[in-house]
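The chain below stands alone and is given as structure tokens, in the form predicted on its own.
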């Protein structure tokens, strides 16, 4: 029987890493039966790497290559190799600003999750909180979902609503959505680690 405490996360991020901090703190508090196997970034000075180093976790900067919005082939192979060597069961995207493509997705099929700042399928893509304001919705929120080849189109794991206030700016709404992400993301990762998540009738989250 698999020891749930050995469920291993690989975390990818490009920025400050606040969602990583929320997940790491939940692990430390015993709320997620998992451990972080490695933290990777495509940005050498990313805050997420500093947070990971402070927690004495393995970190690695991998140059993203020549493209602006995706990894090039060499970089993709390096990311896959690092995650495979760390024996991760689940890849957690925490502000990772590169679109993942074919070979990466095939290597970790059904084992990559992301958090998006809207109630998908509404407002996929960039600056979803601004999209919500522009459309005049009264509620938006955040969604944790599996990653597939589409844009924010993978199976939904969990959602949390955030009201849109009359005096909201894009910044104030974004901040409240971000706070909701810090609550929702650890809960969803914990559910996957416990094997409580089903998609299309099968349990997911443990790399075969």
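Because the structure is a prediction, the values reported are computed rather than measured. Residue numbers count along the first chain shown, from 1.
Another form exists, predicted together with ligand GAR; not displayed. Remarks below refer to it.
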query	finding
Location of ligand GAR contact in the predicted bound form, chosen stretch of 103-111, 116-124, 84-92, 67-75 [non-hydrogen atom, 4.5 Å]	116-124
Touches ligand GAR in the predicted bound form: residue 174 (any heavy atom, 4.5 Å)	yes
Residue contact check: residue 15 to ligand GAR in the predicted bound form, 4.5 Å heavy atom	yes
Residue 97 within 4.5 Å of ligand GAR in the predicted bound form, heavy atoms	yes
Residue contact check: residue 19 to ligand GAR in the predicted bound form, 4.5 Å heavy atom	yes
Partner contacts for 170-197, taking ligand GAR in the predicted bound form and a 4.5 Å heavy atom cut-off	174, 178, 181
